[in-house]
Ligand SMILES: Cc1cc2nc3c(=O)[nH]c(=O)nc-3n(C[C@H](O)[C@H](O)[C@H](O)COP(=O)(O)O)c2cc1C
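Just one chain is shown here, as structure tokens, and it is the form predicted on its own.
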């Protein structure tokens, strides 16, 4: 079974809404053969990363950077997973009240270091509305469909 790992830090209702939209998109009825695993960033482990075939990362933007929880996830998995995950697809969504660019750039640099392949443009969301939820649904669906082959 193909696994899409969704690693997220969603402490607020708006970031939780985006996570729910991503998960709904990844579970779209047209997508078959992909298991979606949603794991909070503080609980995600090296085996979670190594057992996955693709990744979706979600975070709030805090003071222009990714959340401390997602940073902790990368700090505890980066070197062990280095070279083992290259070529796998990933996607990203970031929610912030105003500045999401620094958080998005930081995650993209780590993904580049891992050798991950961007499967969809990263989403930088400052207002959680229907358009943002729809874009997150599409992001989840795109990653899962990419893994379908």
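Positions refer to the first chain, counted from 1. Note that the structure is predicted; figures quoted are calculated from it, not measured.
Keep in mind that the form predicted in complex with the named molecule is not shown, yet the notes after this line are about it.
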Should residue 97 be counted as a contact of the named molecule in the predicted bound form, where contact means heavy atoms within 4.5 Å? yes
Does the 4.5 Å heavy atom contact test between residue 61 and the named molecule in the predicted bound form come out positive? yes
Applying a 4.5 Å heavy atom distance criterion, does residue 14 contact the named molecule in the predicted bound form? yes
Among 63 to 71, 116 to 124, 81 to 89, 31 to 39, which stretch sits within 4.5 Å of the named molecule in the predicted bound form, heavy atoms only? 63 to 71
